[in-house]
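Consider the single chain below, provided in C-alpha cells and representing the form predicted on its own.
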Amino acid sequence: MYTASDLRKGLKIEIDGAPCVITDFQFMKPGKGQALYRCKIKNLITGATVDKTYRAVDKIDKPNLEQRDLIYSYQDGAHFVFMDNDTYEQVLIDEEVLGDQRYFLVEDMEVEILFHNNNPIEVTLPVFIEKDIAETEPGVRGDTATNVMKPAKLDNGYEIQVPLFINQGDRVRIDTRTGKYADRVSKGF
C-alpha cells in the first residue's frame, strides 16, 4: 500500500482492480485543514483519464505489475507470439493490445511487456526500427526547397509520409512512438 505522500508523476497505482499511472500531480496545502494531493490518473488498460484528489491519510493500492523482456517470434492469426529467452515460455498477445505497434514488429526483436496479474497490458518497442519501402511514387529531382512529403507503403502495408527523395526499395528508420519517418538508412538497389 502507498500513502498519499508517496504519490508522484509516473507512479503506477491500482484503482478498483485496474492498473493506472499518475500523469500529473499537484500538492496543495490550504491555510486550514489537511494537505491535498491532486492527481490526473490514466487507466493503463482502457486509456481513460480521471482526476482524483487524495488526503494525506488515504491509502492507495499497489498494482501487481511485472515487466519482462521477451522476443517477438511470429504472428498467428489475430495473435502475436512472443518468447521468453530464459524459460522458452510463449506468450500470446492480441492485436488490440498492440494497436498500430504491430506494424513495427520485426522477427527476433526484443520488446518489454508489462503484465498485470499475468495478463499483458502494454508492449514497449525499441524507439527506432528499420523497414523497407515497398511502394511509393518516384521522387522529383531538384525539388528540395520545401519539406514536402509523399505517402509510402512499408513491406507490411503500413503507410507513412516520407520526403520526396525516398524511393521504392530504400530502407528507412521509423520512430515507433509516433509511427513517423525519422531518416533514410540506405538507398535501394
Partner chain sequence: MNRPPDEHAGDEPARLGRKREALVCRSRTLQAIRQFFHMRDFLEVETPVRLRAPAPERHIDAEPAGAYFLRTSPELHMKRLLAAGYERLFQMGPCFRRGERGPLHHPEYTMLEWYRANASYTEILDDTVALIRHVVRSVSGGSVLHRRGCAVRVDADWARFTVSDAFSRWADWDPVTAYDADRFDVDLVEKVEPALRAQPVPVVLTDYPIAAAALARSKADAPAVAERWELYIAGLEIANAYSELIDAQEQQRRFEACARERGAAGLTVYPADRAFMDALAHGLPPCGGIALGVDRLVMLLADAPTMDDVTAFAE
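Everything quoted here is computed from the prediction, not taken from an experiment. Numbering follows the first chain given and starts at 1.
In what follows, reference is made to the form predicted in complex with its partner chain, a form of this protein that is not presented.
- When you look in the predicted bound form, the only residue of 153, 150, 38, 42 with a non-hydrogen atom within 4.5 Å of its partner chain is 38.
- Only one of the listed residues (157, 126, 138, 33) places a non-hydrogen atom within 4.5 angstroms of its partner chain in the predicted bound form, and that residue is 33.
- Among residues of the shown chain, residue 28 is one whose heavy atoms approach its partner chain to within 4.5 Å in the predicted bound form.
- For the chain shown alone, residue 64 is not a contact residue for its partner chain in the predicted bound form, no non-hydrogen atom being within 4.5 angstroms.
- Among residues of the shown chain, residue 8 is one whose heavy atoms approach its partner chain to within 4.5 Å in the predicted bound form.
- The shortest heavy atom separation between residue 46 and its partner chain in the predicted bound form exceeds 4.5 Å.
- This chain is displayed without its partner chain, yet in the predicted bound form the stretch 47 to 55 from 65 to 73, 47 to 55, 129 to 137, 160 to 168 comes within 4.5 Å of it by heavy atoms.
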